[in-house]
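In the block that follows, a single chain appears as structure tokens, in the form predicted on its own.
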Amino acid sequence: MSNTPPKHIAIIGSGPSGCFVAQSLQRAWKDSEITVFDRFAVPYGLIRYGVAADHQHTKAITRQFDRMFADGSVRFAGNVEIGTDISLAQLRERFDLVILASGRWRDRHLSVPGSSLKGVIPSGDIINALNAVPRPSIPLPEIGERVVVVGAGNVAIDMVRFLVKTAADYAGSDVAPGALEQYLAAPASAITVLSRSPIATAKADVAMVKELGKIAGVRYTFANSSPATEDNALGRKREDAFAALAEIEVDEPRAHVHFVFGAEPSKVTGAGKVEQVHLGAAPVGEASVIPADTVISAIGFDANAPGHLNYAEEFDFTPAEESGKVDEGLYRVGWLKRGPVGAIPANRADSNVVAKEILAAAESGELTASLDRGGFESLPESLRAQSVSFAAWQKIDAAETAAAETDRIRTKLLDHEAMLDIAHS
């Protein structure tokens, strides 16, 4: 290995990909100084603000990152937005290695006639409200009693689970109480889920489908366009999971969820707001027009959405599975590299691959430390002063856990300025 590996390393984004690559590099280069920046005052990005509020077992992965930051081996610097508080070019002047791990966050929009009607909601707006995302804080959109969910991946299943759960089902979660109360005041009772694909090739994990069966008081039915082939073991397991849902007997269900696989929405109609969803294709026997007052799109993310990568407009962020290198001393990981696919384990694997690529570059002499770069301590004093350290985040953490309502693990702060007041107190 080179005698002079990068001394000062900056990682932009404290979500799982950023934290995993920080772990890998810290293990290899114990004398290097690694700083993880985030525009929020709090760490963990997708884990805190993207994972469903009722999936606390998934969020538990933050405990290993807590140890990494708490022992001082990696610095957390929250409340620093690259592109606003400091440019990427200025950051690169001060760090030997910069790794972009800021993800991709904008929903792919439904692109059928009528998709701009009131009542058509991207799933991200709901996820943001339930997870109390600040900066900006987005209130929970109004949701009616007849809901059509477009999509059949894990995010779509997250939406169904949210629509049919009761307040008691959120015990032990960190769901935003105001958003949940707003929805449960008049919850949906008729939910139709539309998937272009048959069950065999739908994206939902089997475990996510089975989880729906644990929610009491819900009736499930489904229609499928074509069965899985004999050699499609996963597709057949997914079919079995939906068949098991449909076999659940429920007396006086409070909600009915109907999955339609092989359905293609052709347009949304209504007088100023959603009233019907029309299908251009559907399995035999299925209605071609579905009454609805809300449409939730859960059809993935827009990998090329403009805006949030304005700090690095000169670079190409077309998704790529191969190298994470963007430029000399500049790399990318996670969804920013591969596109918005895969859950936390996939991002862990990707971060490990990019870390090995970086280590190999240092081994070859391509990446070295420079005496001209001073890392975090060379940043303007005002910027260092505004940043939120891990110890300061722990004050916010303590305040949120102390404010937790009964059967909740925390009540997240919605106001970013309030977070800063606590952090800097």
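The shown structure was predicted, so the numbers you read here are calculated from the model rather than taken from an experiment. The first residue of the shown sequence is 1; numbering continues from there.
What follows is about the form predicted together with a small molecule, which we do not show.
Peer 1: Considering the small molecule in the predicted bound form, which of V353, L140, A343, V250 comes within 4.5 Å of it through any heavy atom?
Peer 2: None of the others qualify; the residue that does is A343.
Peer 1: With the partner removed from view, which of 67-75, 80-88, 229-237, 184-192 is the stretch that lies within 4.5 Å of the small molecule in the predicted bound form, judged by heavy atom distances?
Peer 2: It is the stretch 80-88.
Peer 1: Is Y170 a contact residue for the small molecule in the predicted bound form, using a 4.5 Å heavy atom cut-off?
Peer 2: Close contact is absent here: in the predicted bound form, Y170 is far from the small molecule, nothing within 4.5 Å, heavy atoms only.
Peer 1: Might D158 be said to contact the small molecule in the predicted bound form, defining contact as any heavy atom within 4.5 Å?
Peer 2: Judged by the heavy-atom cut-off of 4.5 Å, D158 is in contact with the small molecule in the predicted bound form.
Peer 1: Determine whether any heavy atom of F37 comes within 4.5 Å of a heavy atom of the small molecule in the predicted bound form, and answer yes or no.
Peer 2: Yes, F37 sits close enough to the small molecule in the predicted bound form that at least one of its heavy atoms falls within 4.5 Å.
Peer 1: With the cut-off set at 4.5 Å between non-hydrogen atoms, does G375 touch the small molecule in the predicted bound form?
Peer 2: Flag for G375 set to no.
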